[in-house]
Ligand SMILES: Nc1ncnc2c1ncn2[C@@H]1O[C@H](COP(=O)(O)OP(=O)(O)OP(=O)(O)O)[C@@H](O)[C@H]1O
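The data below hold one chain only, encoded as structure tokens and taken in the form predicted alone.
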Amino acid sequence: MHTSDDLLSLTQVTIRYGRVEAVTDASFSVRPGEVVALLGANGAGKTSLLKSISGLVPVAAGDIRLRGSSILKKRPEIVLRSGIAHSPEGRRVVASLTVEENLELTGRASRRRATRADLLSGFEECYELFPRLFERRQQGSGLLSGGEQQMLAIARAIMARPEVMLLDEPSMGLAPIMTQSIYAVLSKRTGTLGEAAIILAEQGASLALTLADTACLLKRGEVVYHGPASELTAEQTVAAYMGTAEERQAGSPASP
């Protein structure tokens, strides 16, 4: 149930791609400063939900509200200026621009980065969190490693100084040591990372749950758990990712 304390709320959100229903009646909410782990197997609907929040995919039914006002049908740039920043799956930095130009692009597009002083403050915060980006600041983003591009994608979201950050699969395709490095930064929860609410979508539940206050577990596009991350059980997670024992048994070949 949503409350007046909610910063962002989704109510019975349904998303369709043609005749395929990717998300069905999904409801959950996020409070200021809260970290929500959005969990589920590949194809469960995590990316679709984040894209619906940032205005990248239309919502077939339901509502999405930021500070009590609907943001449905708003263009992505308007959603950004409203206080929501999205670090998408697959990183998607602007390869033709340098690291610093990528950061400046987001800074100028957001509602809170108008002056040069604001931009310099944003650069300082991002480079303090990710010293490697400072070393590469004049390098073309297309020449960065996958891990460095992921750092840049997160830093771009930070440059917007958002109230809500959407982080989609930040560990995807990264070596374990780079994943650990990125999660070490996220766990600091200082500056913008400490002030913003974060929705962290991950296929790997254990990693995301180390940071999360709340878990939202998806199974085939439906929310099957929304509550304290500490109370999400292994059995619930396995059932969402692999099906219940009865479902697995029903789907197994018959014995000869």
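This structure is a prediction, so every number in the text was calculated from the model and none was measured. Quick note: we count residues from 1 along the sequence shown, nothing fancier.
What follows is about the form predicted in complex with this ligand, which we do not show.
Not one of Thr11, Asp25 and Leu72 comes within 4.5 Å of this ligand in the predicted bound form, counting any heavy atom. Interface residue remark: Glu125 is not counted as part of the site for this ligand in the predicted bound form, having no heavy atom within 4.5 Å. Looking at Ala44, you'd find a heavy atom of it within 4.5 angstroms of this ligand in the predicted bound form.
At a distance threshold of 4.5 angstroms between non-hydrogen atoms, Gln203 is in contact with this ligand in the predicted bound form. Interface residue remark: Asp118 is not counted as part of the site for this ligand in the predicted bound form, having no heavy atom within 4.5 Å. For the candidate set Glu104, Glu163, Glu148, Glu89, a heavy atom within 4.5 Å of this ligand in the predicted bound form is found for exactly one residue, namely Glu89.
Of the candidate stretches 46-54, 206-214, 61-69, 25-33, only 46-54 contains residues with a heavy atom within 4.5 Å of this ligand in the predicted bound form.
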